[in-house]
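Shown below, as structure tokens, is a lone chain in the form predicted alone; questions about how it binds or moves come after it.
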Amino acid sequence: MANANDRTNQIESDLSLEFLRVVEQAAIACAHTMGQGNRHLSDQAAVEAMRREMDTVPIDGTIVIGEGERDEAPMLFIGERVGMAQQPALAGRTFDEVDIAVDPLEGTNLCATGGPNAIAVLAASEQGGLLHAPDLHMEKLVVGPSSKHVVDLDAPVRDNLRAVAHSLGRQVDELAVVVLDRPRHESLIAEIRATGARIRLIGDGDLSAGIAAAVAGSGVHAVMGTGGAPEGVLTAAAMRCLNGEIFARLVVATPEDEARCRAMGITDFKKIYKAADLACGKHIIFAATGVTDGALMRGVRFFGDGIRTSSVIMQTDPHRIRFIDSIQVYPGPSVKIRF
């Protein structure tokens, strides 16, 4: 992502903390709307906060996955330029050119209802490092490092789950598989249940589930089913950092779908993508902050003297994963920090 090779690691480190600030502010903004039952309000709060904070990051950024490929949302739409390079007062200065995928609030319904695992998330890479995915459905299979060489997107469900169980030294009935609770998954759910594996049905948030599948001890061993393609690219960025794997294929069902794929340079509609295809960049940064409590991160907590957030920052170069607990303290002479 950096322009000078001898400064790459330092710049990566600096940008990771800048992007941490972006997802923290998005999470805090929408957390104020948690449980109010207004998913549009929650999403709008996250988008506006992320957009505002993004423009303070020292980058020349382009949104490649955002809020509006289909409806051209007014904030963080695909193709929008962001970062300090867009400020007229800084014209002439050179900034790192960065492609960015965002989901200001992954799990809008979860935030609106107070459900678990809503997060604010983004991924960044050097130019060309993230697939420009259309807003279509995508078949997905997500597994952790131990299972990534033994499964196949086109293999029968029973074969994949037996392979996952064997790779983890478990019995199939000890596995937990996450599936989005959708009518389109009725057959998939029946196949999983027939193997004896356990299922966690979720209303939203397959990105959070994908991350959990690649983290040992999370209690999630695989994610199966069809979800959003933009979330698939974000999941792929996380897998690049966590050494897990996503197997994915776009669901191209109509001539309109085909046209939208071609407009983004995609011509092989049957291609099975892996993490290195969806997020091919050398310098990947993945940042997420919990909005509501989840398996890996706690949600935003407000207390009288400040705000506490729980985040994860992951990078491929240098390769590291940091779980960060932050307390933003309000000014005052009698501030009390709570743990």
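One-based numbering along the sequence shown. All figures in this text were calculated on a predicted structure; none of them were measured in a lab.
A second form of this protein, the form predicted together with a small molecule, is not displayed here; the remarks below concern that form.
Engineer: Within a 4.5 Å heavy atom cut-off, is R198 in contact with the small molecule in the predicted complex?
Structural biologist: It does not: once the small molecule is placed as it appears in the predicted complex, R198 has no heavy atom within 4.5 Å of it.
Engineer: Does any heavy atom of G107 come within 4.5 Å of a heavy atom of the small molecule in the predicted complex?
Structural biologist: Contact check for G107: yes, within 4.5 Å of the small molecule in the predicted complex.
Engineer: R162 versus the small molecule, in the predicted complex: is there a non-hydrogen atom within 4.5 Å?
Structural biologist: No, R162 sits far enough from the small molecule in the predicted complex that none of its heavy atoms falls within 4.5 Å.
Engineer: Should G228 be counted as a contact of the small molecule in the predicted complex, where contact means heavy atoms within 4.5 Å?
Structural biologist: Yes, G228 is a contact residue.
Engineer: Please state whether all three residues H137, R182 and L207 have a non-hydrogen atom within 4.5 angstroms of the small molecule in the predicted complex.
Structural biologist: Result yes, every residue of the spot touches the small molecule.
Engineer: Which one of these stretches, 85-93, 237-245, 254-262, 199-207, sits within 4.5 Å of the small molecule in the predicted complex when only heavy atoms are counted?
Structural biologist: Correct option: 199-207.
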